[in-house]
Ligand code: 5BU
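Let's start with one chain on its own, the form predicted alone, as structure tokens.
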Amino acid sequence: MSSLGFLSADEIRSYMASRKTRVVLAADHKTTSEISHALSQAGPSICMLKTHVDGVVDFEYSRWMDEIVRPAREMGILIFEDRKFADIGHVSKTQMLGHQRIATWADIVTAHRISGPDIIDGIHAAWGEVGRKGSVLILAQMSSSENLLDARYTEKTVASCKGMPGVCGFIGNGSNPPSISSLRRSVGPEKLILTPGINFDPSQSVMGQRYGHPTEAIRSGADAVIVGSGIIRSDSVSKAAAQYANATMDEM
């Protein structure tokens, strides 16, 4: 594990409180300029920027740092790379330090528990190697239809990870408030729960995605909601981001 310590759930909650929003923007665009534009428009209303950097077709490290990372840092927005690491610890460390150099700019990454607990060690070893600290969100639930993360898997995942200091929390199913409530009971108050599958308009679902309402997710126990299409496909990104932020602020 890194000797630099870990980005804790309490620190992340402080970031959210200071920004007065619990919205994580899922900037699922294909180009750096599209992500940069979405960040500039939604920035005032979000606490984190969630990326899938391996889906960015024009990725170039220095440009990424200049157009995405630097503006996010200046706004006080955490960067959350939704990489969903799933390999052994050594390979996960290599991936963190690979072509996209995720360890140098991501504050939070996602990982599956399926490969074993050493995946957490590998990820933090990469952060330590570049002189940074971060934290891992473990996938306990998913919002896609017919996924295999059943209740037994969720229970085992939470039980094995909620005591790890390098894990700040878990990903839950935002489309199903009862499942969020159940996850919160298992997780307890110390760790975070972030929920994708959030949209004011359920009709926007595509390719097996399912959606729930942001306020219901927060009331059910989520610390933050992850919103993609509801913001980035809207006519006004800034207005939509503010609307989602307002839907979460009432519960803070």
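Numbers for residues come from their place in the sequence shown, where the first is 1. Remember, it's a predicted structure, so these values are computed and weren't measured experimentally.
Although not depicted, the form predicted together with ligand 5BU is the subject of the following passage.
Chemist: So, in the predicted bound form, is residue 49 in contact with ligand 5BU at a 4.5 angstroms heavy atom limit?
Modeler: Residue 49: no, not in contact with ligand 5BU in the predicted bound form.
Chemist: Please determine whether residue 214 contacts ligand 5BU in the predicted bound form, using a 4.5 Å cut-off between heavy atoms.
Modeler: Contact check for residue 214: no, nothing within 4.5 Å of ligand 5BU in the predicted bound form.
Chemist: Wondering, does residue 90 line up within 4.5 Å of ligand 5BU in the predicted bound form on heavy atoms?
Modeler: No, residue 90 stays farther than 4.5 Å from ligand 5BU in the predicted bound form.
Chemist: Hey, in the predicted bound form, does residue 28 get a heavy atom within 4.5 angstroms of ligand 5BU?
Modeler: Judged by the heavy-atom cut-off of 4.5 Å, residue 28 is in contact with ligand 5BU in the predicted bound form.
Chemist: Counting any heavy atom within 4.5 Å as contact, can you tell me which stretch out of 94-102, 81-89, 160-168, 113-121 lines ligand 5BU in the predicted bound form?
Modeler: One stretch meets the cut-off, namely 81-89.
Chemist: Of the options 38, 226, 68, 187, which one has a non-hydrogen atom that comes within 4.5 Å of ligand 5BU in the predicted bound form?
Modeler: It is 226.
Chemist: Between 142, 106, 126, 180, only one gets a heavy atom within 4.5 angstroms of ligand 5BU in the predicted bound form; which residue is that?
Modeler: It is 142.
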